[in-house]
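Only one chain is given next, in structure tokens, and it is the form predicted alone.
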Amino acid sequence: MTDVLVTPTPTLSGEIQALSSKNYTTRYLLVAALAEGTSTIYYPAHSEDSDAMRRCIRDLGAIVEEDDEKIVITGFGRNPKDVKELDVGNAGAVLRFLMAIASLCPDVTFVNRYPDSLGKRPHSDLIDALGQIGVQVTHNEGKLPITIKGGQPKGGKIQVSGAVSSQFLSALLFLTPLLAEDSEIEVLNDLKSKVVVGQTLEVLEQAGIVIHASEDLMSYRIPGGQSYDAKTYIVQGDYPGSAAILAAAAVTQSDVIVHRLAEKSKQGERAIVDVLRMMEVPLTHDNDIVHVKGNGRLKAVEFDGDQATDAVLAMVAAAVFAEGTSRFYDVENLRYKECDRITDYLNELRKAGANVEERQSEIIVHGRPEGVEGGVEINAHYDHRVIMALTIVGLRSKQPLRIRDAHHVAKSYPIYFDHLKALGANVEWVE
């Protein structure tokens, strides 16, 4: 069963729990392992990344116990077990965070299990930074396999490039508070994904760690000799996935409630709520609950999509049915995802009957409040975000839409269609 048939569905109603955020899950697992004592994490995400982090902190000496709603972790603090090998699978963020933590161990090799994927990605910026605090690293031109000879890293002045990834900086922010000396980190070049660095800083603060960050996030003072507190954490709901559910509620007659979406979240995609408000969709957002009472009427918007990249396709799907012309600008980086999320996505929207046009870094939508024809088979280009967004359009089409290879939705939201069905959407897997 790989295709999904979306049959027009005039009304949606019901309540769901938002999917859990994988970025927050991975970080909470790590700070719990770095604490002495026992921490509890409620609603952890299950994804390749978080499963890799669970496995590795266990190898490093954390005790990890799990049931349906939580993980209980007894940490190893600043004294991880002397392990010889760690296997992070294909999880880049986990590798980078743990390369820093492994510098507290005498001699650890990160193995190369995915030579064609993670094995091809460079980690030189972090290797250079670890060298500055006295850690010896042997590597294959900056790539796996990587051996860290640590034991006694010393704080001090560290420079790290932020041009390739913000994960190298995050890795150093997790490590340096545990060192005896104070540290200063200066970020060189540009810093990619500042939003995600904000998530790291937020989690560190919740774990009782003090970090003095400059306003532009390019320099940091970190007092040494700190320890992580054992705490209870609740993983936030995931805004990128929930954006599609909220947009579906916006374009139908609906009474839909999504739980666990934090109002003050550091996820850029929380802008989906603001954009739907700008479109005059009736909704409330209180106590981490978004309640949409859609009436199918929407007004066009203009929106800078740069901070909310992973919610833009869902916003565009809603704009297909709005009165007037909407414009989503500063979105060129959508072209460099699982597919070209501007050209490829708009081609499929046109097949379904939408009136859309593209510029290099803009998507323009001439709304059709009367709905679109549908009645076609469309190709989602193996892209989870495109699949979710095209489904929204199918709910308001005149004829059913068949979405090819819809099982790729599992990349980020394996139960997306189950959630929609629970709200009354007429979606079914077909051969």
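Sequential numbering from 1, following the sequence displayed. Source: prediction; values computed, not measured.
Although it is not shown, the form predicted in complex with a small molecule is what the next lines describe.
- The stretch that touches the small molecule in the predicted bound form, counting heavy atoms within 4.5 Å, is 92 to 100, out of 211 to 219, 92 to 100, 124 to 132, 69 to 77.
- The shortest heavy atom separation between H419 and the small molecule in the predicted bound form exceeds 4.5 Å.
- Of the heavy atoms in Q267, none are within 4.5 Å of the small molecule in the predicted bound form.
- The closest heavy atom approach of E348 to the small molecule in the predicted bound form falls outside 4.5 Å.
- In the predicted bound form, at least one heavy atom of N23 sits within 4.5 Å of the small molecule.
- Taking A271, V196, L283, I234 one by one, only a single residue has any non-hydrogen atom within 4.5 Å of the small molecule in the predicted bound form, and it is V196.
- Put simply, of S166, S326, S183, T252 only one has a heavy atom within 4.5 Å of the small molecule in the predicted bound form, and it is S166.
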